[in-house]
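Each of the two blocks below gives one form of the same protein chain as structure tokens; they are labelled structure 1 and structure 2.
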Structure 1
């Protein structure tokens, strides 16, 4: 186990390298659910970093729900497999990779159109302003899972249609060609029924249960850059989430019944 100072992205922080090493050991099954991670002290002496750096690595895995720490005992691998990550903005492919599935996409449509009211409001632009719409069928292990329609203001990413390589990530294209980096996303999840066209594409019956996701992504200045409406199969897709009862409750108001 060695720390490299450099990778293709330039300098990589120690804590991040340690985080990756630990995750790799978990992913390979060397550390199984319930197993204790090396203690912060052991990591720090073994790798020659300070305990705070080792701690940062473990803490970042905690935030992802992959491990949990108990004061006085140690840090342990949590047995929960995340099928949907509720902490990070992840692309469909990243999400599937986390649960060990092979993701593919089929582009259903890619055009520049005037924004309809709902899209304009979400993106904070005028009605009829040009937006790019990218419609994709998302496929995991050859099974169609969902339909995603992404809307982006054309002004922010002119010529996206020409520069975008469908084999790469949309987020990567936005970052590389336009310097746009997503920071925060708000997501609304609703339960609905498959409409005719959705049912056909997803190979399910009309009226089958589906998830409807509506996601608005923002850059750090708070400006919305992407609005996504998705429909996912209710029979194949489910959301797994781990909730933590915080030591110090963030919300402390007078809530009495429960």
Structure 2
């Protein structure tokens, strides 16, 4: 892999220039997940920089989660992190399609069960009412990304368990066959550490960082139709959101009225 020259007359630090060159090659697919990065010695020799500068460049990519290091073996590409966007109600299949990745699912469970208290409260139904639970391992380009458990009131989608192929998009099936279109969702995110089963399914070490999501989705009329509990790999996702600052006069007015 060729590295461009270093601009020695500018104000951008050398390590950052190297980091950006490596990042661009990963983004363009010239370096793919699992590929080894040039060693610190190779980088320093090719670009005429110190080993410390080369080390800082690689370390900064590790801190971004794009690269990981193996002691005594070097540094390897882990892939760019996917963005979890809170501004849109998207299924996993839709998120992967937007990022140019191939989504598929491994079925961990598909059954009708009585609603427990947490599920019943989220869906606004009686405890023990029948719900369909669909548990899937979500995979993108052969990499396990997350574990999702979806709960839906059985009375809203009768026959779903008998007619739906759980390897396909649930949201599309709900829209096509039941006229259910998700419009609004409340989602809560917490950080945590992977437990034994999660680590095994996601192919990560036990105790690795993970994101835990709980989401309640509603149709336009405000009825809750889905409750989801999921665990996603912390090394493969980052959370993005857009915050908007109110105009000063609105803030001042609200303070006075409060």
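Positions refer to the first chain, counted from 1. Take the two forms, find the largest set of C-alpha atoms that superpose within 1.5 Å, and that set is the rigid core. Keep in mind the model is a prediction, meaning the values are calculated, not measured.
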Structure, 1 versus 2, that is the form predicted together with the DNA: 1
Per-residue C-alpha change between structures 1 and 2, residue 73, threshold 2 Å, rigid core fit: yes
Rigid-core frame, C-alpha of residue 112, shift of 2 angstroms or more between structures 1 and 2: no
Residue 168 C-alpha shift between structures 1 and 2 of 2 Å or more, rigid core reference: yes
